[in-house]
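The data below hold one chain only, encoded as structure tokens and taken in the form predicted alone.
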């Protein structure tokens, strides 16, 4: 089994990865994280096992780039919410709380509610089981309710 050409991977997953990063880091940083994701993937691609789950591998790289972005900022100011027309979501307070979640919960919430994916697909993209994906979403929602409920 051989790896497909890298361009096929890019064509197949670019749009969904960009949308994921919009939810993870906001519109100002999404493009930079997107480019960093693809550069890292291109460098590592020749060493990828042919039978690997390409989508989960790419989402792992994207999630790590988003985490790196947040670590590099280490600023008390939160990124602004995504543009309403891009994700059809608003509320700066909500997005601030979402982006403050631990990275695994943040990724699960973005996959489930921004990308509107079923839990099985969330698990596939995160490289975990459906049950683990459900647990991450559950923990993230519980934390959000606690922080956002007056």
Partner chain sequence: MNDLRQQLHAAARRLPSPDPAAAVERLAAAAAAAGLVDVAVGWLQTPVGPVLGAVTGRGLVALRYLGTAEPSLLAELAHRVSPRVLWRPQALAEVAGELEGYFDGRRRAFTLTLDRRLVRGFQAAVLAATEAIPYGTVRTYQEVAAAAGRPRASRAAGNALGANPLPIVIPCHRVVRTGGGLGGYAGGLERKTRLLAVEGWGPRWPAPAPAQAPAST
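Positions refer to the first chain, counted from 1. Predicted model only: the values in this text are computed from it and were never measured.
Below, we turn to the form predicted together with the partner chain, even though it does not appear here.
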- Item | in the predicted bound form, residue 22 touching the partner chain (heavy atom, 4.5 Å) | yes
- Heavy atom of residue 34 within 4.5 Å of the partner chain in the predicted bound form: yes
- Contact label in the predicted bound form: residue 98 to the partner chain, heavy atom within 4.5 Å: yes
- Message: Quick check on residue 43: any heavy atom within 4.5 Å of the partner chain in the predicted bound form?
- Response: yes
- Any idea which of 23 to 31, 50 to 58, 63 to 71, 121 to 129 reaches within 4.5 Å of the partner chain in the predicted bound form, heavy atoms considered? 23 to 31
- Heavy atom contacts to the partner chain in the predicted bound form at 4.5 Å, residues of 115 to 150 in sequence order: 116, 119, 141, 144, 145, 148
